[in-house]
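So this first bit is one chain, no partners, the form predicted on its own, shown in structure tokens.
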């Protein structure tokens, strides 16, 4: 990578972003592809969000990722949204096309790619999502269009889960959608997804669910990637569950962002294999 005026810049905006692994991932991709590009992280105060978007556009950045807490707030500053972002109601990727800002959401795509890479088949599966926030919403809406048979949401706020379920029912009437917030027997579910902040620093000892309530053969997925081995996954491994780490989804959604920015197909398998070996040392 050259460090000169021709170098194209990409960035992450959010608050906080100091511990994000996104710069490491994207800069590795640019190096792997032998491109004169760089990726940096900007910690942006909410009062500066509008000016930050204008500045990024004026400086000719190649593309932007958006993280907590601006995935919804940023929409009002964009010129258009693609279909996935419209459905999910949140943006994590911005592409700059002829001076216009187009919003995308790769969280759901990243989740599906992660499952596929781990040879998890969705046809006829029953999925339990823990949480009803932004990440849960992206995963749920994406899964609603897949071949699963049943999707249930379990959330501390029962009403919030109900609101999400109402939207999901409109998306696909062939899938059974239920609210598992007050249920104790969850053994029917084949896949359990932690889409809450439980296990994330500084709440590393938190577990989103008592695994005794779940099927002993259920596949456990965590969207939390720091720490790499969350307590949820650690307990799952001890009980013999197949587990999928949060860093795999982060990488998958990052590679989906790269394909959007660059209009190319990336050799995801090769990049991910090499990247996982390196990034796990950083976590």
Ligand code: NAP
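Bear in mind the structure is a predicted one, so any value in this text is a computation, not a measurement. Numbering follows the first chain given and starts at 1.
What follows is about the form predicted in complex with the named molecule, which we do not show.
Of the residues given (143, 90, 132, 192), 132 alone sits with a heavy atom within 4.5 Å of the named molecule in the predicted bound form. In terms of contact with the named molecule in the predicted bound form, the residue from 102, 109, 200, 168 that brings a heavy atom within 4.5 Å is 200. In the predicted bound form, the named molecule sits within 4.5 Å of a heavy atom belonging to residue 136.
Contact annotation for residue 49: none of its heavy atoms lies within 4.5 Å of the named molecule in the predicted bound form.
When contacts are judged by a 4.5 Å heavy atom cut-off, residue 258 does not count as touching the named molecule in the predicted bound form. Residue 225 belongs to the set of residues with a heavy atom inside 4.5 Å of the named molecule in the predicted bound form. Only one segment in the set 235-243, 51-59, 27-35, 217-225 has any non-hydrogen atom within 4.5 angstroms of the named molecule in the predicted bound form, and it is 217-225. Residues 68, 71 are the members of 60-74 with a non-hydrogen atom no more than 4.5 angstroms from the named molecule in the predicted bound form.
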